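Starting off, we have a lone chain in the form predicted on its own, written out as structure tokens.
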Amino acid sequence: MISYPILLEKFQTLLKENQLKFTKQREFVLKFLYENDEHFTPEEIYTLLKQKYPDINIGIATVYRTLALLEASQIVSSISFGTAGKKYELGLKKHHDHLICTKCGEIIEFLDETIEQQQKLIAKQFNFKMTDHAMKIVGLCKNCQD
């Protein structure tokens, strides 16, 4: 994976290109996602940042705007939960797909080469140039099936 100093430099360039100032609050959002390998709602990121850095002045709007910018630039990716919102993760990880529990919200990452190859074959069959894909399988995790 990309090193944090290189990611931070990319982020600073992104902010300049969008005529936005670099702030510690924005950096904390990026650093949080870099250091955590899970999926988080904006509210969870906000709460955890406030706990970790009680002296910083960060608003939930800053978290939302920073996530939107990072997602538009493909530095982070999200999984939509419809009306329940999105959960975000660093988008620079190796490609993977998701199993999502509709009861507890657990997200399990997986990669299956057979599925990856089948998608390529389907795209070829329809003369379709696949540039990306996202797969999420929804259902009940092992704990919620009881």
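The term rigid core refers to the most C-alpha atoms you can superpose between the two forms while keeping them within 1.5 Å. Throughout, we count residues from 1 along the sequence that is shown. Remember, predicted model here, so these are calculated numbers, not experimental data.
Omitted here: the form predicted together with a further copy of the same chain. The next part is about that form.
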TODO: Please pick, from 69, 92, 49, 99, the one residue with any non-hydrogen atom lying within 4.5 angstroms of a further copy of the same chain in the predicted bound form.
DONE: 99
Open item on the list: in the predicted bound form, is there a heavy atom of a further copy of the same chain that lies within 4.5 Å of any heavy atom of residue 109, even though the partner is absent here?
Closed with: yes
Open item on the list: Quick check on residue 7: any heavy atom within 4.5 Å of a further copy of the same chain in the predicted bound form?
Closed with: no
- [ ] Find out whether any non-hydrogen atom of residue 118 is located within 4.5 angstroms of a further copy of the same chain in the predicted bound form, and reply yes or no.
- [x] yes
Task: Close approach of residue 86 to a further copy of the same chain in the predicted bound form, 4.5 Å, heavy atom - done: yes
TODO: Any residue of 127-141 with a heavy atom within 4.5 Å of a further copy of the same chain in the predicted bound form counts; write them all down in order.
DONE: 127, 128, 129, 130, 131, 132, 133, 134, 135, 136, 137, 138, 139, 140, 141
Open item on the list: For a quick test of reading the superposition: does residue 116 move by 2 Å or more at the CA between this form and the one not shown, rigid core aligned?
Closed with: yes
